[in-house]
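First, one chain by itself in structure tokens, the form predicted alone.
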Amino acid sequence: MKKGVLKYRTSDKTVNAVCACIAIGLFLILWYWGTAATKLGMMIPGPIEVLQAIGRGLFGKVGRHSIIAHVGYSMMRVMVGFAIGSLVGVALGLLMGWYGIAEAIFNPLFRIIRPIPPIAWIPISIIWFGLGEDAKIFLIFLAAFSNTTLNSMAGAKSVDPEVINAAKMLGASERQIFTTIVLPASVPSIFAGLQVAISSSWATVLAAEMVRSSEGLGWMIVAGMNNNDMIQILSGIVMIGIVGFILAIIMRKAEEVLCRWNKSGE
């Protein structure tokens, strides 16, 4: 990579980080002003009270567990459902994108299932799996499955036909074309789907925990609602945003590392 390009990207990242800090700071100031100087303070607590509650909860307990433990329970459910849903989604998406017969068989059913939000499956998941962990993992599976399937199929379909024809002329088999051309070319699209899938999975587990759970960030919000504890509700909401933001950063960094070859100028 050229030094000028590297310098530009480093500077660009610095500017983005500074702008993000300024935006968050302005939001906190506006929140504080709204609760301290207007009637909004009668409905919700200010940022100082919420941040203090989060600080106490990180090392103390909210219910039976600390906030860190609640995050851990939610993350465990997300990772299991996300891993299963992504593996199945990527496999099915690549299959439909490369093999016409597979698309003809599975795509109509997938197009019917895809618009249905995972939350709509909550009653069926309870009937099928009860109120335990399996129902939550099933909902997360659906959230990850739809996004990864769609992007994987799009990635497989976007491969340059001229490259495929050239490989066939050189005597490459269907399996060789798939593993050496189609699969690598689909990786950027797959990662785009994974980024959307992890966000959808995170939102879905929180909704599932609100229905029936004894731990997790979703439980924190519902327990706060039942106890009329607005500080606990906002603490759960803030932690949801923070963890979701961290997950998005991790996925972007993973894409940068694993898809480095796809970046221009390198």
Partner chain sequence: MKRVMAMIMAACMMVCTLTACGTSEAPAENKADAPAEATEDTKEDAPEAAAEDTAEAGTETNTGADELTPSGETLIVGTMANALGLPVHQAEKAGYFKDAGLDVKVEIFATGAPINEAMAAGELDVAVSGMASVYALATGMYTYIGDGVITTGGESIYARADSPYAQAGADEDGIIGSAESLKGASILGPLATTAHYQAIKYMEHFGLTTDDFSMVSMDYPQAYQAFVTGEGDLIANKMPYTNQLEEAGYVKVSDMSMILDNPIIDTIFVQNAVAEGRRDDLILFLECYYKACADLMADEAARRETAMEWYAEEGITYSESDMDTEIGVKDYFTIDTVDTDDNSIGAFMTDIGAFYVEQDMISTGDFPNVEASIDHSFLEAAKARAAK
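Bear in mind that the values here come from a model prediction, so they are computed numbers and not experimental data. Positions refer to the first chain, counted from 1.
Heads up, the form predicted together with its partner chain isn't pictured, but that's what we're talking about next.
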Quiz prompt | Listed residue (I48, A36, L58, M225) with a non-hydrogen atom within 4.5 angstroms of its partner chain in the model of the complex | solution = M225
Exercise. Verify the contact flag for V80: yes if a non-hydrogen atom of it lies within 4.5 Å of a non-hydrogen atom of its partner chain in the model of the complex, no if not.
Key: yes
Quiz item: Could you tell me if M230 has a non-hydrogen atom within 4.5 Å of its partner chain in the model of the complex?
Solution: yes
Quiz item: Does M96 make contact with its partner chain in the model of the complex, using a 4.5 Å heavy atom cut-off?
Solution: no
Quiz item: Does the 4.5 Å heavy atom contact test between G72 and its partner chain in the model of the complex come out positive?
Solution: no
Practice problem: Sequence order please: the residues of 38-56 with a heavy atom within 4.5 Å of its partner chain in the model of the complex. | Solution: M43
